[in-house]
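Okay, so here's just one chain, in structure tokens, the form predicted on its own.
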């Protein structure tokens, strides 16, 4: 695989990416693409450096502007790996980068939400609040100090991802297609596992004929558990991918479809 002839990124470049992610990761959050605009804003200066040809630049910009959502604290790890791979491989790594983003954003979201969203606020917030109720200002100082430490440490996550991305390329030189297929497979596995846990669609319809009672949901479960959520995701994927319907229109369509089917006692 041909190596991209880009100037190696410096610590200043990584700090710049960290700084842009710090401001943009949540500021541009929206219900259609979630953190994608923030991610795109973070890597945009580097894309212009990596891809001097307009056609490649436009394609990579479109790829990076697709749906992306993870924890704001652990997200820079993915950005670091992305920059390392694109800096070395360029346009040839398009599928690899897309697969890594899809495959890692879910697991890193779980880790980040657990540590930074639950464990740390619960422990140090409780201690600080208790000390504050007792009239001690140390509780407030402790809370501010913990957040300052987290703020500093988050700037080390992106370089860590960058160096891990470099190690991945060094250890898998000439095997980028294998890395790409593995990343895409991981992403599909994560998305597939999320379907039955995130989407709930129950069919309450009951067929009765004499003494025979047939629960449709039971029959569907025997065919395949979570069949209805899987079909719903397939429908949405078909609308987005084949019919090029916008995400906003798909959301409205699903809302109307859910209300209608619920009113007809088909879905519950």
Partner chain sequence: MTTWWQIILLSALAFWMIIDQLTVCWISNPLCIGMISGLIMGNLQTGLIVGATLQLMVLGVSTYGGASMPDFLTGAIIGTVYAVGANKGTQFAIGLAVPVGLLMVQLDVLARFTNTIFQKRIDRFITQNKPQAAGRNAYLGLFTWGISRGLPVFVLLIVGNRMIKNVLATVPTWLTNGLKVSGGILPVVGIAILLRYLPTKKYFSYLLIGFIAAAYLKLPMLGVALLGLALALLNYQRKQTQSQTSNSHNTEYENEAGEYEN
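Residue numbers count along the first chain shown, from 1. No experiment lies behind these values; they were computed from the predicted model shown. Throughout, rigid core stands for the largest set of C-alpha atoms superposing within 1.5 Å between the two forms.
Same protein, other form: the form predicted in complex with its partner chain, not shown, and the subject of what follows.
Engineer: Can you pick out, from 106, 159, 90, 121, the residue that has a heavy atom within 4.5 Å of its partner chain in the predicted bound form?
Structural biologist: So the residue touching its partner chain in the predicted bound form, by this definition, is 121.
Engineer: Is residue 15 near its partner chain? Define near as a heavy atom within 4.5 Å, in the predicted bound form.
Structural biologist: Although its partner chain is absent here, residue 15 would stay clear of it in the predicted bound form, with no heavy atoms inside 4.5 Å.
Engineer: Report yes if any heavy atom of residue 99 sits within 4.5 Å of a heavy atom of its partner chain in the predicted bound form; otherwise report no.
Structural biologist: Judged by the heavy-atom cut-off of 4.5 Å, residue 99 is well away from its partner chain in the predicted bound form.
Engineer: Going by a heavy atom distance of 4.5 Å, is residue 151 a contact of its partner chain in the predicted bound form?
Structural biologist: The answer is yes: residue 151 has a heavy atom within 4.5 Å of its partner chain.
Engineer: Verify the contact flag for residue 8: yes if a non-hydrogen atom of it lies within 4.5 Å of a non-hydrogen atom of its partner chain in the predicted bound form, no if not.
Structural biologist: Answer no; every heavy atom of residue 8 is more than 4.5 Å from its partner chain in the predicted bound form.
Engineer: Looking at its partner chain in the predicted bound form, which residues in 139-158 have at least one heavy atom within 4.5 Å of it?
Structural biologist: Sequence-ordered list: 140, 141, 143, 144, 147, 148, 151, 154.
Engineer: Superposing on the rigid core, does the Cα of residue 117 end up 2 Å or more away between this form and the one not shown?
Structural biologist: It does not, since the residue 117 C-alpha is displaced less than 2 Å between this form and the one not shown after the core fit.
Engineer: For a quick test of reading the superposition: does residue 90 move by 2 Å or more at the CA between this form and the one not shown, rigid core aligned?
Structural biologist: Residue 90: C-alpha displaced by less than 2 Å between this form and the one not shown.
Engineer: Has the Cα of residue 15 moved 2 Å or more between this form and the one not shown, judged after a core fit?
Structural biologist: After core superposition, the displacement of the residue 15 C-alpha between this form and the one not shown stays below 2 Å, so no.
Engineer: Distance change of 3 Å or more between the C-alpha atoms of residue 199 and residue 119 in the predicted bound form: closer or farther compared with this structure?
Structural biologist: Compared with the form shown here, the C-alpha atoms of residue 199 and residue 119 sit closer together in the predicted bound form, by 3 Å or more.
Engineer: Could you tell me whether residue 243 and residue 34 have their C-alpha atoms closer or farther apart in the predicted bound form than in the shown form, knowing the shift is 3 angstroms or more?
Structural biologist: Farther is correct, given that in the predicted bound form the C-alpha spacing of residue 243 to residue 34 is increased by at least 3 Å.
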